[in-house]
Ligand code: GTP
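Presented below, as structure tokens, is a lone chain in the form predicted alone.
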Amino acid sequence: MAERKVRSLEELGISSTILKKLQELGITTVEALAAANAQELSQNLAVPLPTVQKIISQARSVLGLGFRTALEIKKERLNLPKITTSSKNLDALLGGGIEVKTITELFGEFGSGKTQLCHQLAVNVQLPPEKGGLSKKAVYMDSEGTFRWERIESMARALGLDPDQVMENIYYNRVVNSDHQMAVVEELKDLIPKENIGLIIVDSITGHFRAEYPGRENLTLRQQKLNRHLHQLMSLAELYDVAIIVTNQVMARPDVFYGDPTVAIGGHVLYHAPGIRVQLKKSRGNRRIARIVDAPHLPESEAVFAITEAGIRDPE
């Protein structure tokens, strides 16, 4: 698939007055304009709603976000680049690797390999396409303090990459609460095109929401805010052709006698969002089991991978 260029707003023929106001609001690319909310923008620009709707619609059509045939969508999906996980088993399970323009949710209990996989992907996205990467950089949003540069270093060395260069290409942010987490995602609209970002990791997506909105009485509020956050991420995935990984903890439910006694904390965030949900489980030793729980285009199945000194690999 041809790389989509970030086009300038000037090319849309917007009046210089509106252009100046858009830039003051931090909307400097066609992608950012396409993702804007018409109602809010109309108020912020003090410009009539129909005018704003027209320029947003122009931006969307330039990016090919209008009507397309199902065949065009099929062809685009088949050609979407993917990021290797460094495990052939896991790549096969995921239909070739982690897909761009998609949110992939990794959920599992503590120690099931979610963060290890995130670290591996932050390294692998930097590989050239012929080696399963995108030749791009990564953003790592850490809500629980689980990021380890030492792990990045050993994974980079195992792939024959310069560890310092690899770490230079990972933009790390320790997010301190849910508002900060959402604000960082807004900032990414500028960072993605400027720094050639191909992967965004949110580890974990539910941590702060869970802590700030405890109990059943806050459940509706929490889910509404989490949904808003997901829609932010979905629009980044779609507009900028990036892959998005979110992790989610699970807790054990001792009252469940049949079936799986683990349940995602904060609910499965992707129940109501398009994407791929992958459950990770501990197995013997360094082995882990990944299971596709929900993906519109992939069959429900399992794969075994291993967490080694070198990173994510197939079991020996």
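Keep in mind that what you see is a predicted model, and the values were worked out from it rather than measured. The first residue of the shown sequence is 1; numbering continues from there.
Missing here is the form predicted together with guanosine-5'-triphosphate (GTP); even so, the following discussion is about that form.
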Within a 4.5 Å heavy atom cut-off, is Glu186 in contact with guanosine-5'-triphosphate (GTP) in the predicted complex?
no
Would Arg151 count as touching guanosine-5'-triphosphate (GTP) in the predicted complex under a 4.5 Å heavy atom rule?
yes
Against guanosine-5'-triphosphate (GTP) in the predicted complex, would Leu19 count as a contact residue? Criterion: heavy atoms within 4.5 Å.
no
guanosine-5'-triphosphate (GTP) contact in the predicted complex: Ile307, any heavy atom under 4.5 Å:
yes
Among 127-135, 188-196, 112-120, 163-171, which stretch has residues with heavy atoms no more than 4.5 Å from guanosine-5'-triphosphate (GTP) in the predicted complex?
112-120
4.5 Å heavy atom contact with guanosine-5'-triphosphate (GTP) in the predicted complex for all of Glu144, Gln249 and Arg288
yes
